[in-house]
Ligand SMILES: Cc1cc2nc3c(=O)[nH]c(=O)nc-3n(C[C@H](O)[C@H](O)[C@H](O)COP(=O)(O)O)c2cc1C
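First, one chain by itself in structure tokens, the form predicted on its own.
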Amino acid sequence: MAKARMHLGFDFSYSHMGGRWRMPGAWPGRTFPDVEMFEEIARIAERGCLDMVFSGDGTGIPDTWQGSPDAAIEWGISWPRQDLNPIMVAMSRVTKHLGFGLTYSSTFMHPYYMARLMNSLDHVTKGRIAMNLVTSTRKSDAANFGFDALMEHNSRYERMEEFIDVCRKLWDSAEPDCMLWDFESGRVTDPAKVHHVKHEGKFFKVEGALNTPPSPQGRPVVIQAGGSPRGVQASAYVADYIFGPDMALARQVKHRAALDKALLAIGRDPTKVGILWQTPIVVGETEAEAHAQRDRLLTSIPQEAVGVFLSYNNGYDFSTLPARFTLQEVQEKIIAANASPIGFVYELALELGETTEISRETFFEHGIKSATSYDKTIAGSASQVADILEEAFEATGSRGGFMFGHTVSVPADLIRLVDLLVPELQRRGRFRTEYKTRTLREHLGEE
């Protein structure tokens, strides 16, 4: 019996931030946003037959630490960024099969604009685009769009669900065979196959069909990564494919079970919805080589930069921590601020106990490992890493695969993934040896 095959992506979100740009193996003499760097990423990923490359995004400059963006700007923490829409178009022009995942926020964006943009990108890439839809939990992002405070946690997901309802209506407003392009008569489109959209809901009011030809994929692929109970419920409704958190295997198994339950509750088949587990990873010729590369993460940024990263991603200014405290006290303040309830403090409380008193120094010792993804980075030889991936793949239902990323340096670590790990997975019958499908949706549907 043939083994179930994995799907693999590469997340290059942080390849130029958090000190990674200066690590051995990064591009010498090139800095962000040199488009040729990204084109090379695409070529390498396609050589490895990966399903897609992916980037997270955010618009705000971290300013939670000491109420100022200065440290983030100085140390390159979630700075600089750029809308990767044109970058991924450039990447698509030097590849034929590789898919592309772009991140946008349903909390701030309008569904008509996003439906039209993603449809247009789907045509440019010939059916290889995915929209990673997120809810926004950072105050600086909210300020960019004129909000004085973060939207309440559950309301963010309600808005996302209505957002995707509108997008689906718009993507479906033109039937697949509506375009005629009839040279003799001059008719462009069959009007009977273009349908008026009229939507009026809690968050959006939209009227009118999408004025673009139907998407090559039917609909662009939608990815979502809800982690809280409400987030899992929303991801089951919104997503074609799930972006799973990089957490311990036992919790990934529970997450898969919770998602399956949520999918069944709305009449979706859980076997058709895969999870790409976020997987920080370093592969080497030997275990020692991989560990030495991973250890470089602990030298990539100073403590102030660690504080900037953690404060921004948790919605709490950790520069105000007292000499000693409990994690429960801090977590209560994070929740009260409507920031993400399942961030670093939540994770650390699971490890140390929420009522355990710790020092500020201990907090930042754990913090650098989290801010650099050192604590979750798998490091080993190709055979060792493949063993770990196979175990996780089978334990979580053999549906989906992995989104590699948070590597120490690009392109060196991507090249090692493609030249060392991919051949090992192929040898085990766990990954494709060539592309046999055309669109990203088809790639992700392969079994």
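Numbering starts at 1 and runs along the sequence shown. Predicted, not measured: the structure shown is a model, and the values here were computed from it.
Unshown form predicted in complex with the ligand; subsequent notes refer to it.
Q293 falls outside the set of residues with a heavy atom inside 4.5 Å of the ligand in the predicted bound form. In the predicted bound form, T372 stays away from the ligand, with no heavy atom inside 4.5 Å.
Remark: T377 does not count among the residues lining the ligand in the predicted bound form, judged by a heavy atom distance of 4.5 Å or less. Within 4.5 Å of some heavy atom of the ligand in the predicted bound form lies at least one heavy atom of P341. Taken together, the three residues F38, G101 and K126 all stay farther than 4.5 Å from the ligand in the predicted bound form, as judged by their closest heavy atom.
Only one listed stretch (109-117, 300-308, 318-326, 238-246) carries heavy atoms within 4.5 Å of the ligand in the predicted bound form, and that stretch is 238-246. With the partner omitted from this view, the residue of R168, R268, H153, H199 that lies near the ligand in the predicted bound form is H153 [heavy atom within 4.5 Å]. Proximity to the ligand in the predicted bound form, defined as a heavy atom within 4.5 Å, holds among F163, Y157, W75, F363 only for Y157. Scanning 54-72 for heavy atoms within 4.5 Å of the ligand in the predicted bound form gives F54, G56, D57 in sequence order.
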